[in-house]
Every structure is written in C-alpha cells, then in structure tokens.
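The chain below stands alone and is given as structure tokens, in the form predicted alone.
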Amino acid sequence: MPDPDLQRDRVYVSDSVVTEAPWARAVIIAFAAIFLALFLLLPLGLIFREALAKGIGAYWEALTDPDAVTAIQLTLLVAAIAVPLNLVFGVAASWAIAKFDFPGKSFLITLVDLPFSVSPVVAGLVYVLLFGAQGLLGPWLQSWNIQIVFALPGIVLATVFVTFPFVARELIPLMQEQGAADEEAALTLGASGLRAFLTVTLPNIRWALLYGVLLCNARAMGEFGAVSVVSGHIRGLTNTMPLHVEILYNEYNFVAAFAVASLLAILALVTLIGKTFLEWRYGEAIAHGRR
C-alpha cells in the first residue's frame, strides 16, 4: 500500500509546480500594473494634460490651425490609400504563398518580411535615391513633370513599404493551416475561381484580415521615419501628423504639439479598442492566423 505521507508530498510538489502561490500572483499582477502605469497610462495622461494646459480654447485652436488641418487630412489620405493597397497585396500574396507552389516562393516570403528588418529611414532614403531630383529616375521624372519625392506619391510609397507585411503576415499562417480543400471542393461543384474566393476563402479569413488591416492602419497613421525622409517637411503641404508634432515641439509650441499628439493617441486608442474587441470576440480564429 502506498505511503500516505509520500502521496501527500507528491500532491504538494505537483500543485506547487502547476499553480503559483497567492503572493507570487500578487507580485506578478502588481509588476504588470506598475509597468503599464509607468510606460503607457502615465505618458498618455501627460499628453492630454499638456494638450489641455491652456484650456479647451487653445486645444481647439491648435487642432483647427490650417497647418494642423492639412497634416490631419494628409495623414488620413495616406492611410486611406496605403491600407487598401496593402489589403489587396496582402490577400494576393497570402493566396499565392499558402495555396500554390512555384519558383521563387521563398523569395516572395522574404520580401514580405523585408520591412521588418530594414530601418524606415533607410527605406525612405532608397526612394529619394530612386525618385529624387538627383536620383536614378529623377531626371526622367522631371522631364515629364512628375513629382514623387517631397509630394504625396512619395509619402504613400514610403507608407506602403513599411506597412505591407501586417496584412500578409496575419493571413499566411491561417491560409496555410486551412489548406486548399474547401476551394477545391467549391471548384469541383462548378464555382468559378472568383466565386470560390468570395464565398469560401474570404469568409474563412475575414477576422484575421480585419485584424491585419487595423494594425496596418495604426502603423500607417503613426509612421515617422520613412515619411520624414521623403516628405521634405514642407509645412502645410507634406507634413503628416507625426511630422507636424515634431515641428511644433521644436518651435517650443508645446500646447499645439501635444494637442496634435493627443489626436494621434485617440486614433491609437480607437485601434487598440478594435484590436481588443476582435481578440475577445474572435480570439480563436485570430490565434490560428498568428501561428
């Protein structure tokens, strides 16, 4: 018959390994709460405090300043162009990588991950070297009166480059796990390729796709490095919201700088709320997409 004392020791050892002691849980939770308070909530609170330091009137005046309005409009316009482009690219790249085998597949996967390993400043510099006045294609573009760098097209190109992995990287693992059996069944039943995609593939990836779009949009609106290089910092013309914040701060116009920064923070919070909702409501489907 087993020794009762030995059995109790085994249970104790097993419990101590699987579950933490109450004091350990309290320490971990306290550490996480302090970390969030110091590095997230405190800076966020300081942004809004500084933005409202001179009252609502000064805050509103900073946001309705013509240069600020232009920066806000440009940021939203760039995101409205870059995000749909990355959505189309992400779905197409994911479809090709997950559903087919072809020469250069590994190279395509490497290209998808390239913006994660290249500095945004370097990416912006590459566009300047390609499309700038003294760049490789600069003289030809000037002969046709086409402006890429220091204009909207350059900002969009830089934003697309730094954000295009977000959609693809959410979809590729999910579509690889799902395989092509459902699409093949739809094609066997007489559906066209487009109909199979719209009725079979798209519903299976919709939540991971939306999750990737949210992340892509957040990065597009907050991008600084690449856009800073290609924009030329032309006030009232090519400054996005992050660049406008930098200019205002360098001019010691702190209230206006933090006012615009608070708007960026609000947009980030909206994105965070949307991301949290998706993880809560469709966490299992999204988790499959991130494996």
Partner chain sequence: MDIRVTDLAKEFGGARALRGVSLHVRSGELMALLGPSGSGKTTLLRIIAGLETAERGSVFFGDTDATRLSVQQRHVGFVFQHYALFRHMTVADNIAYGLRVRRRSERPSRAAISARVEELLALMQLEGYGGRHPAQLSGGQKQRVALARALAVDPRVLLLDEPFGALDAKVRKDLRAWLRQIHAQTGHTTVFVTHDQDEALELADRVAILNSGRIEQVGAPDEIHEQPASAFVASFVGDAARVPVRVLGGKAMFGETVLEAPGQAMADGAGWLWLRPYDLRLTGKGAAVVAGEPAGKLDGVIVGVRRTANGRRVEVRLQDLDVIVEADAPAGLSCGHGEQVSLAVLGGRIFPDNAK
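Bear in mind that the values here come from a model prediction, so they are computed numbers and not experimental data. Residue numbers count along the first chain shown, from 1.
Although not depicted, the form predicted in complex with the partner chain is the subject of the following passage.
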Checklist entry - Of the residues 141, 151, 76, 186, which one places a heavy atom within 4.5 Å of the partner chain in the predicted bound form? => result 186
Checklist entry - Does residue 181 reach the partner chain in the predicted bound form if we count a contact as any heavy atom within 4.5 Å? => result yes
Item to check | Any non-hydrogen atom of residue 199 within 4.5 angstroms of the partner chain in the predicted bound form | outcome: yes
Next on the checklist: Can you work out whether residue 210 and the partner chain are in contact in the predicted bound form, taking contact to mean some heavy atom pair no more than 4.5 Å apart?
Outcome noted: no
Checklist entry - Though only this chain appears here, would residue 147 touch the partner chain in the predicted bound form if you measure heavy atom gaps against 4.5 Å? => result no
Checklist outcome for this item: Near the partner chain in the predicted bound form, with a heavy atom at 4.5 Å or closer, the residues from 189 to 204 are 189, 190, 191, 192, 193, 195, 196, 199, 200, 203, 204
